[in-house]
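As a starting point, one isolated chain is supplied in structure tokens, in the form predicted alone.
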């Protein structure tokens, strides 16, 4: 598939020509929260949820564990930036300056060739949304989250930040509840299998901006879905904040794969929360690639609430100069005969810090549980750091839980061997890195596998 300029290249531009025409003042307060709710014409129950989140946020301290967040000034973030564009189903109707950005990211081309539906968000608003007619006829809903609140209020109210990710979960979720904007809502009816992936792309373009998209996906009994999410932002001199939220509800016998490539610029604090409620004999798969961002805290979580539920998490994080990538995964076994697999890989270069932080919790009644955790870290030089913080809480004696961690450096012998075969040193290092990330690349659709390889090549080059 031809792409003139890919996600990887667009990320490293100094800035796009277009900037938001309407930007609220920096800082978080009740006035901003009410403005967001009023602008979106939300029902009273959503405004009440926002205000409760704001109150809890103000009462809760910033976490002191994990990466250093001391340089993140919440009062310097813009919490609502509207590109002044109305959502459309026709790509030609998107304003030219916004369309130019997404053309460079390959959004319409991807839709034409490999996707069942696509949505694009620019700052705080959805600017493009479309889905194949055949899926609409089967009852599949693929909507802008703001629109879903209006069109499907009962369904949204039932699942939005209730038992999956309640608004009191942690400080950044409290903030998200107060200022969330845009995102994706998907409902797949019983026994409907969506053969091609659905995709959303989120672009944070405002300087000092915050992006707080909300993804809510319900895969009903016996249904199947693959959803792909991509993120990027231009480089600015001041810090930005991404605190999105992903809630997956995978019902009895359903299957859900969530693939994400997060490629924020180096001034972004990426404090994202992702969680799935996995019911009886259902399966959830997380595929995550994390590049860019100054600080990342991201730990996709599967709560296995139904007997026979399964979860698999596969992730890669790249930490370059000035970056602290604190990532991992969680599996909470709350029912018998459940299983989970966590595979985490990280690459550290140029003084970057990569950390695996994970949790496996097996409750008392979750007998005959099987869980496997494997962490592999690759350190490119003597300046970089890799850390591992596994936590396992096993409350019964009828479970099998294992953890394996390896840390390795690219050795001179490997480089010498490849160079003796006519390969220069730079290519030799890249070949070793490509082999290291191969399991993640193989799990992605072709277009995104190519994209992930390009991103890591750029990171290795230090561009």
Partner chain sequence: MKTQTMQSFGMNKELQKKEARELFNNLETPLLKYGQGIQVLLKELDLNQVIAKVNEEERMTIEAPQGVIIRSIQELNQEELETYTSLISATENKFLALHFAILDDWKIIIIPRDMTVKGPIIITSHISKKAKAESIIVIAEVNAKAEIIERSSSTEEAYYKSQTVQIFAKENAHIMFSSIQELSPETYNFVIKRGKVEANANITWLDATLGSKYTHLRVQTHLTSLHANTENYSLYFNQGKQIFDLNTESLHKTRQTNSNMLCKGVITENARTIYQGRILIEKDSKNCKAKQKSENLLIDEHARCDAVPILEVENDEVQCSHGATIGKLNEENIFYFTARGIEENIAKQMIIAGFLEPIINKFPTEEIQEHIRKNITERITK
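From a predicted model like this one, the values you see are computed outputs, not experimental measurements. Positions refer to the first chain, counted from 1.
Beyond what is shown, the protein has a form predicted together with its partner chain; the following relates to that form.
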| query | finding |
| --- | --- |
| Full three-residue contact with its partner chain in the predicted complex, heavy atom 4.5 Å, for 364, 391 and 395 | yes |
| 4.5 angstroms heavy atom contact with its partner chain in the predicted complex for residue 387 | yes |
| Contact label in the predicted complex: residue 339 to its partner chain, heavy atom within 4.5 Å | no |
| is_contact(residue 408, its partner chain) in the predicted complex, heavy atom dist at most 4.5 Å | yes |
| Contact test in the predicted complex: residue 34 vs its partner chain, heavy atoms, 4.5 Å | no |
| 137, 195, 73, 383 - the one with a heavy atom within 4.5 Å of its partner chain in the predicted complex | 383 |
| Contact assignment for its partner chain in the predicted complex, among 335, 301, 379, 78, heavy atom within 4.5 Å | 379 |
| Per-stretch contact check against its partner chain in the predicted complex, the hit in 176-184, 356-364, 157-165, 214-222 (non-hydrogen atom, 4.5 angstroms) | 356-364 |
